[in-house]
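The chain below stands alone and is given in structure tokens; this is the form predicted on its own.
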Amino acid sequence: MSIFEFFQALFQYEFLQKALFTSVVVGIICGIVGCFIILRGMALMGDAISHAVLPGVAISYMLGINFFFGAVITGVLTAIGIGYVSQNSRIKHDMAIGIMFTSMFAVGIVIITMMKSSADLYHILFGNVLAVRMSDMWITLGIGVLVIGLVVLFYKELLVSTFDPTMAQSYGLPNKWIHYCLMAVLTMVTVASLQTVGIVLVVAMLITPAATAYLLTNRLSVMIYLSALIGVISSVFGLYFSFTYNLASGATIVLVSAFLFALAFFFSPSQGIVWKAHKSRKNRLELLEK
């Protein structure tokens, strides 16, 4: 199936329209939030939150309610727990992350094994955007609007606290509250991404588009736009490969994102390995000519 036939199929199948819309929104919000995650050195925290929501998802299925509610609650509690453990003991932050997220993930696995059916939870683990429901689509859209609105409203505060926490504190900005609010936003983005790429791969969509944009620019505002665009491109082409070749949607979206990162890694005008080698060779030739 060509890309043109894929877009023709979009007008025929409602499930494909919902899948594309949801995956595009996820690509945008993961790209935006991912920029702050990698610049603040919180990539491991993103991985922790994405795994820690599993118990909430499992409990939600047991109670017959939307997994959004349980996932948000367990994600926020995990973020608070990590901060509490690291601030009230000799345990360092990265150690607290490792303890909390593995413990919560283990609890989720135990709950899943106790359930009679785990077919839907398999999709939450590995993603199946082609099976997205209307309620999931609207929840994802709501989270997307909220996340974009918060970033626009508090962009300056996020900018200062990300690059210079000391200056932010001197300005009277509550760095600790900004950190926890960002954790809450990260949790919501993780929940919005569950149906698309799954718990196991959501951290890739948070980190890879942002890391790719980081190789292409030195300005945060440009980085955010590029990261969101890369997230959208990854989602669209990943969905195309998933639908055409009957592959796991989460994996194909992440692989497209990884391919774009590889292109930037080797061919970025300022940071690319190939361009650096070319410039180095050019400089050596100029020195020899002199």
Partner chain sequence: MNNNIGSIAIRVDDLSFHYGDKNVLQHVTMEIKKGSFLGLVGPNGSGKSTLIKCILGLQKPQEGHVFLFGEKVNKFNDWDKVGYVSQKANSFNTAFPATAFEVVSMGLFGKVGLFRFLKASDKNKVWEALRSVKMDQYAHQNIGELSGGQQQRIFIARALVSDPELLILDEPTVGVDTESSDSFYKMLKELHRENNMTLVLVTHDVGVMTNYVTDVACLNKQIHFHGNTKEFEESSSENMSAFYGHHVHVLHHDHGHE
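Numbering follows the first chain given and starts at 1. Nothing here was measured: the structure is a model prediction, and the numbers come from that model.
Not on display, but discussed next: the form predicted together with its partner chain.
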- Query: Among 152-160, 197-205, 128-136, 178-186, which stretch has residues whose heavy atoms lie within 4.5 Å of its partner chain in the model of the complex?
  - Reply: 152-160
- Query: Looking at the partner-bound form in the model of the complex, is T113 within 4.5 Å of its partner chain by any heavy atom?
  - Reply: no
- Query: Taking 4.5 angstroms as the cut-off for heavy atoms, does Y171 touch its partner chain in the model of the complex?
  - Reply: yes
- Query: Just to confirm, L220 within 4.5 Å of its partner chain in the model of the complex by heavy atoms?
  - Reply: yes
- According to a 4.5 angstroms non-hydrogen atom cut-off, is A106 in contact with its partner chain in the model of the complex? no
- Checking L44, V236, A251, L39 against its partner chain in the model of the complex, the residue with a non-hydrogen atom inside 4.5 angstroms turns out to be L39
- Task: Tell me, out of M95, I80, L141, M167, which residue has a non-hydrogen atom within 4.5 angstroms of its partner chain in the model of the complex.
- Result: M167
